[in-house]
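Quick heads-up: it's one chain on its own, the form predicted on its own, in structure tokens.
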Amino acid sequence: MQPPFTHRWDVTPAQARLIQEAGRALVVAEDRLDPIGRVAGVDVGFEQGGAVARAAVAVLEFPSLAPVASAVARRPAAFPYVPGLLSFREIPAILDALERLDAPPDLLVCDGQGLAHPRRFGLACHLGVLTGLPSLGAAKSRLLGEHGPLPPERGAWAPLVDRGETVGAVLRTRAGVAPLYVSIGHRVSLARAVGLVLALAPRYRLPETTRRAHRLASGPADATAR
């Protein structure tokens, strides 16, 4: 059994990059997940001018997408805002929120990158390897990579390629609407990740998991979660 991946959080940006380099070797890029009954969306907002991270987890039943649980946690954002290292700023609060759930979800859907990251260890990879849970990233914008033409219909997708490596997929979740950038996090293949994101986004551009988590992470400061 793979030992858990752990590290300190009070690190410098240079140390954080070394942690990413070590962590990427532990990413499992194939399907190693049980039947999915509960899917969790995770998102992070910031309060007090960016000083406090507010992490939200919204758990939906799958495939019905009925809400079943949620949690919110706040923690000082100790790590600075550094592009490419955002997981060090956000994950401590996300872990706090996950601990407040009665049971772990079967899949984590992150509003951010996974393998489609300069060091192939974005937030979805980092969170998946830390928790051991299957995970994927479904980002609203592209961090890196290039892709070919994308047809306008829902379900169309094209490989996202960086330096000759396929690091994700550019996926159209609504016809004629800007695509999402899907990448694996941990224990989920890219083809499965694309199919799951489509199943989680039956009506809107964003997955329902992301939409619900975002409302919790960015809502009124006194919002509560069950």
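Only a predicted model underlies this, so the values are computations on that prediction, with no experimental measurement involved. From 1 onward, residues are counted along the sequence shown.
Absent from the display: the form predicted in complex with the DNA. The rest refers to it.
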**Fill in**
Counting only non-hydrogen atoms, the one stretch of 141-149, 128-136, 92-100, 69-77 within 4.5 angstroms of the DNA in the predicted complex is 141-149
**Message:** Just to confirm, with a 4.5 Å cut-off on non-hydrogen atoms, which of Val44, Val170, Val59, Leu200 contacts the DNA in the predicted complex?
**Reply:** Val44
**Item:** Non-hydrogen atom contact Arg120 with the DNA in the predicted complex at 4.5 angstroms
**Value:** no
**Sequence-ordered residues of 98-118 touching the DNA in the predicted complex, heavy atom within 4.5 Å** = Asp111, Gly112, Gln113, His117
